[in-house]
Structures are given as C-alpha cells and as structure tokens.
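A lone chain, given as structure tokens: the form predicted on its own.
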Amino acid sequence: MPIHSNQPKNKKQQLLDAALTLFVNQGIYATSTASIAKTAGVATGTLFHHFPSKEVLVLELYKKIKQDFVLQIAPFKLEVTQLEQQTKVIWQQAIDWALANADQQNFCLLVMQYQPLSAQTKAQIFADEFSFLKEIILFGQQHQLIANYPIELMLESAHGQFLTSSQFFINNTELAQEAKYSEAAFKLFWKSFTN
C-alpha cells in the first residue's frame, strides 16, 4: 500500500499509512483523527484538509486497498473448458495478496462492520472493483457451469468465502503452503457455485 519511491511520502499518504496501522491495531471506532495525525507526524488540520471526516478517510483507504487488490488479479479471456482452472488461479492470486497484505485484509474485515459507511456504499465499491468476479459468474451461468442464483447474492457469498478463507490462512500461515488446505479452500468456494 505505501508508495515505494526514494522521495518522501506526501502527507496524504502518510495519513493513510498511519490510519491503516492504527485501525488494524486499535479498531476503527477507537482510533481518533488526532491520533492518526500524530502518528503521521502532521497537524490535525492537515488531516482535515485531505479528509473532511474520519468516514471519508476510511472510505478512501478502503477504495485504495480494493484497487491495489484488483491490480494483482491477472485478466483472462474466459474459456468454457478452462473456467474452473482460471477461477482457481484468480482465487489463489487473491489469497496470496491477502497473505502478503494482512493489515490491508484485516482492515477490509473491519470496514464490513463499520456502520457509518452504508451497506450500499460498500456494495458499490465491491461491484466496481470486483467486476471480474461478476464476469466469471455470468459467463459460467451462460454456459451452465455455474448455478443460476441471483448475481447479487452470489457476489456477496463469494466475498464472504474469500474473507473467511483469507482470514483462516492469515491466522494459520503455516497451513497456507499445504496443498490439502489450499485445494480445500478453493473447492469449498467452487462447489458452492456449481450445479
């Protein structure tokens, strides 16, 4: 998430980095804007210059993390005979990203419980950033490889399964390398969508 360059981070990025650390360690509700500014080494007024409220900061951090996540997913031209294998590659890329970015993943879990952001806002971010998943499901339904359940429900279910599996592997990193566990996590995901 942090900018990787030889130049000093800009103040906005310093605030986002500080917020991520504090949110994950203390919780979103327990973290004050003053503590974020102090940890970032900037004045509280600087924080409000970039983010008019804590909710705006949380939302921007969440969007940036989701965008970073999606950049790690290699695009495919979907093929009927390869759909399960292609989905498995994407699933593994997603799990690998979560393991390499545990703080970001834990923050996303916290956001799911953060009431000031509406369910509609969270759903819209998910729909915008995870359009590749919707494409896989619709393609699979079109070719009768994936069950014809309502797409909104399937997307929410897929997101929940990813959050659960990624959290399991973050909490049990030694098992993430065992084929038995990684295969089972994907099979549980895939079988919940197939006919």
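We call the rigid core the largest set of C-alpha positions that still match within 1.5 Å between the two forms. The first residue of the shown sequence is 1; numbering continues from there. What you see is a predicted model; the values in this text were computed from it and never measured.
Keep in mind that the form predicted together with a further copy of the same chain is not shown, yet the notes after this line are about it.
Taken together, 152, 175 and 193 are fully in contact with a further copy of the same chain in the predicted bound form: each brings a heavy atom within 4.5 Å. Just one listed stretch, out of 64-72, 158-166, 128-136, 46-54, contacts a further copy of the same chain in the predicted bound form at the 4.5 Å heavy atom level, and that stretch is 158-166.
The partner is absent here, but in the predicted bound form a heavy atom of 109, alone among 109, 89, 102, 80, sits within 4.5 Å of a further copy of the same chain.
Although the partner is absent here, residue 21 is not a contact residue: none of its heavy atoms lies within 4.5 angstroms of a further copy of the same chain in the predicted bound form. Heavy atoms of residue 115 reach within 4.5 Å of a further copy of the same chain in the predicted bound form, making it an interface residue. Not displayed here, a further copy of the same chain is kept clear of residue 10 by more than 4.5 Å at the level of heavy atoms in the predicted bound form. Although the partner is absent here, residue 39 is not a contact residue: none of its heavy atoms lies within 4.5 angstroms of a further copy of the same chain in the predicted bound form.
Contact annotation for 30-45: a single residue, 30, has a non-hydrogen atom within 4.5 angstroms of a further copy of the same chain in the predicted bound form.
Relative to the superposed rigid core, the position of the CA of residue 153 differs between the shown form and the other one by 2 Å or more.
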